[in-house]
Structure formats: structure tokens, C-alpha cells
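The chain below stands alone and is given in C-alpha cells; this is the form predicted on its own.
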């Protein structure tokens, strides 16, 4: 039986009111519309935002364009930009409790998890600050005595950054500091469900010394505020994280002006478990991978692909540990699984589970929404006897639902892992490192963890194969993603190899 922790009402809570940031000014929307956000864990309005329309999006784009074309930011030295990014990281640390609280009440994630994410975000800003000083091109002095080749890395220009609701502050921190380190300007549109911490980031960047117009932040729906950021001719690059469906639409819109596009999309990530694995370590990693952030995570380990010799033992042990997971009030520091983002999404998760059960899967634990009196919650759920062709095994449920599939041979496991449209991440568990490396090299995924799951570092690139996206975030090349290369081909001395004969040139 899952441990359920009833949320406490937000008595005396004062709703936070936000404006949008355009050209260094905190301003209302052109049409005066307001968006309200209710806490998914408490059912109470916690935030109100000025709602942007296409008019506001165009204002923000114009501001970023002017700041790039005429402003100081792209022309600063790497040292100057680095210092500002480091100041921003320090202020993020100072305001971490405030930012974590906003992410907690707006997204429903546990407060202890939100605080951990803020620490990771500040580290990313510091890493990006270091890369601002290390961005460089190439020189070629091997082209002959009369030629010198120089390859420059120049900021690509104005970047639109569109972020999702599941990791509000962390994901903007995987994009924006690298764009700024390269010398770009930006228009940021967070999800209209979880915009609070990103708007506070605007205050932080002002305090750190980012000039007006370099970072503009608007809040609105995808059709109203997001679409112009993917198609406007003054946008040079789009960096989007979200669903694969909206990613396709973003790519199609950007194709109208052949913008550069970076997409971090969905995942249906397997953990492949062999009989010689350290099952004590794996069981904990399986529960963490499935239920972290209530499974609302593109990296969630939502498929266990288990050798048939141990599938019953693994299922029963994962179910037993899942029953001890604490579900409930996001503001309780002991909570491990918080609320589901919207009632509509909760209904979608329940539908996936029912469909799998109707088609022959067994519900080992959970399977239902949890009524805690306030907000919307889902019980941690395990489905066993899942067939590879079931929707729950192929599609991104984005909830605390774990599917268990069995395999006979290594080739079978790899075939099942690669049989879907996604390729974001995977895990492999075996004491035999030959097995780990064989599987790791043959599974088509951007990250493969071996005898661990969902570890990460600012230095390691993150992104997916196939319909999990295009491009990579983090890592030492992250800043380069926000640049164009320019070749300077310099001739030294009199020109040689004339095309026309000398008499024709005199």
C-alpha cells in the first residue's frame, strides 16, 4: 500500500503577481489578459501572469534584435560575460529557497527535489560562465606561404527559448546561460503553467548586470505567444524542450525561414537488467527512475526490460519498494512523489493504465488516481506482463507508471529497447562490463547509464536520437551550438595563379 500524505491547505498564502520583461521593463500585456495558475498539489490559485499575445512576442523579438544588432552584449569580451553569469549564479544561490518554492507550488514537484534542482541549475550557470572564456575558433597556417585561414565562432544572433512545465528552472538553465555565454540575445517563453521562477530569473539577470533587451521573458500559450517565436524572420535560432508533437510543429514553423533548431523531446527509456546484476542497487534505481518527478520526466526509466530468469523476482521487489514511496503534499520535505500537473494529464495517465490492463497486462501495484482531498495525485504503478506492442510500452505516459517486459537473450533486449520511436536515454545493469559495453554501443540513445540511472553533470552532453530530438545541451560544446562559423581566408603578398593572362590585365 502506497504511503499517502494529505496536503495541508495554503492558508494565508498571498498570490504572486507577475508582469513580463521586455526591453528591460516589467510591463503588462498588450491586451491586458491575465493567466492564473492553480497549485496542482493544493487546488488553490498561486500565481497570476500577464498573458502575452503575438503583439507582445513581436515587441520582445524587436527588443532582442536591437540588443544584438546595436547593443554591447555581443561585443563584450568573454571575461566580461563570464563575470556577469557568475554573479547570476551567486544570486540564484541566494534566492534558491524562493525559486524552489515557486517551482514546487506551480508544478507540484516535492520541495526537497526542487531545492536539489536549484543547486544543479546554479552549477550549470557557473559552467557556462567558464565556457564563455573558452569559446574559440581555429587557425590554419598550413595552406601555403601566401594563405592564412582563420575560422571564427560568432554568436548566431537572437534565440527563442521555449521551455516546459516539468523542470521550470532547470531546463531554462540548460539553455539560456550558454546562449548568453556565446553573446546571443534571447526571448524566453516558459510554460504558462510554471512561469514564476523564470520571471524571477529575469530579476536576477537584471541584478547581475545583463543589459536591457538582452533577455526578454513573456508568458502565454503556445498558439498565442509561442508560435511567433518559432517563425518570425528576426529569430535566428529556436531552442525548444517539450513533447515530440509540438517539436515537429516547431521544426515546421522554423523551416519557413530555415532557422537553426535545437529540440529536446520525448523519451521512453529502458533499463535492461541481466541476471548477474546487483539487484539491490538496481531495485532502488528502478523505483527512482520511474517515480522521480512523478514520472513527468523525459528521462524517466519507464520501461524495465528484465531477463526472464529474474523477471518475477524483480517485479515483486520493485513493487515492495514502490509501496514505501511517500506520495502527497509537495511542500512536505519527506514527500518523494508530488502532484500531477493538471487534472487532464492525470486522466490521460489513468487511461494508459486501464488500456494496458484491458489488453492483458497485470497491475502489480497502484493503477489508480489517489484522492488526497486537495490537488491531483497518481499512485505509483507497476504493470507486468507487458507486451512490446502495447501503447504503454511504446508511448510516453509521462506519469509514475512502470512497464515490465521480459527478454531471453541480449539480442532480444536490444531489439525491444530499439523498437520504439524514441532514443533519449537507457540503462544497462550487469556485473559483466563486456555486457554493459555491448548493450551500450548497440542501444540507440543519447545517454546510456551503466549500473546507475539518471546521473548527470554539467560537463556531459544531453540529448536524443530519432524522435527524441535534435542537438545536444550541456557539455563543453553547448556554447558552440549558439554560434555560426565564419571563415576568413587571407592572402598574403601579390596574388598568384591569375585566371586571365597578363596581357589581358594590362
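Positions refer to the first chain, counted from 1. Predicted model only: the values in this text are computed from it and were never measured.
FYI, the form predicted in complex with a small molecule isn't displayed, but the following is about it.
At a distance threshold of 4.5 angstroms between non-hydrogen atoms, residue 191 is in contact with the small molecule in the model of the complex. Heavy atoms of residue 221 reach within 4.5 Å of the small molecule in the model of the complex, making it an interface residue. Taking the partner from elsewhere, residue 357 is found to have every heavy atom lying beyond 4.5 Å of the small molecule in the model of the complex.
Taking the partner from the other structure, the small molecule in the model of the complex has no heavy atom within 4.5 Å of any heavy atom of residue 335.
Among 282, 398, 125, 169, the residue placing a heavy atom within 4.5 Å of the small molecule in the model of the complex is 398. Checked against the small molecule in the model of the complex, the candidates 345, 87, 307, 260 yield a single residue with a heavy atom inside 4.5 Å, and that residue is 345. In the model of the complex, every residue of the candidate spot (165, 249 and 266) has a heavy atom lying within 4.5 Å of the small molecule. With the partner left out here, the small molecule still marks one of 147-155, 227-235, 378-386, 130-138 in the model of the complex; by a 4.5 Å heavy atom cut-off that stretch is 227-235.
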